[in-house]
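Below you will find one chain, with nothing else, as structure tokens; this is the form predicted on its own, and questions on how it binds or moves follow later.
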């Protein structure tokens, strides 16, 4: 059902609702499922269908955004030559970071993860999804039209992307080589797009291990005012 409000079309919102018992069960089940999500650095080269990646990106794009501007671009790369170019450029920046850019405290915090500047997953993973944030759009006559709450909007979309990847039975890594400007050049992106995250996506390798980590308890991450 459609309704016009102040000259703009609205549609009736319908959503399945649950009683308190069902809500508790569903929320607990989803928590348990999402708690199994982990960042992975050992990927299988097993291919993932393009249609799956398209569905993941479409899911990410259902995220809320400032004034519904949807200020994001998701570049999905499976081309091996492009992946190699991205790996080489990323490793160049990562080498500099691990050999002088990062403060000693940062290096110490990374020790439990056992990471280094080698990023073979950028070629092993069947897909790389590079998330770009768009600070403005091009209007008529090449004029600039601002987007709003860009960082927050793209962050929300990326969170939904990671959830969708996990839901599809795949794994991912939020990779942030710094600086990431090389991604704009390799992918020939327009001036209004800036790299936000580089996310390898695929299946875990057969011998995939992840650090044994513990999430903060609810008392450390939430405050309730009742």
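All values reported here derive from a predicted model rather than from experimental measurement. Residue numbers count along the first chain shown, from 1.
Below, we turn to the form predicted together with a small molecule, even though it does not appear here.
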Exercise for the section: May I ask you to check whether residue 113 falls inside a 4.5 Å heavy atom distance of the small molecule in the predicted bound form? Expected result: yes
Handout entry: in the predicted bound form, residue 212 touching the small molecule (heavy atom, 4.5 Å)
Key = no
Practice task
Mark residue 176 yes when one of its heavy atoms lies within 4.5 Å of a heavy atom of the small molecule in the predicted bound form, and no otherwise.
Solution key: yes
Exercise for the section: Determine whether any heavy atom of residue 26 comes within 4.5 Å of a heavy atom of the small molecule in the predicted bound form, and answer yes or no. Expected result: no
Practice task
Please name which of the stretches 182 to 190, 59 to 67, 168 to 176, 42 to 50 has residues with heavy atoms lying within 4.5 Å of the small molecule in the predicted bound form.
Solution key: 168 to 176
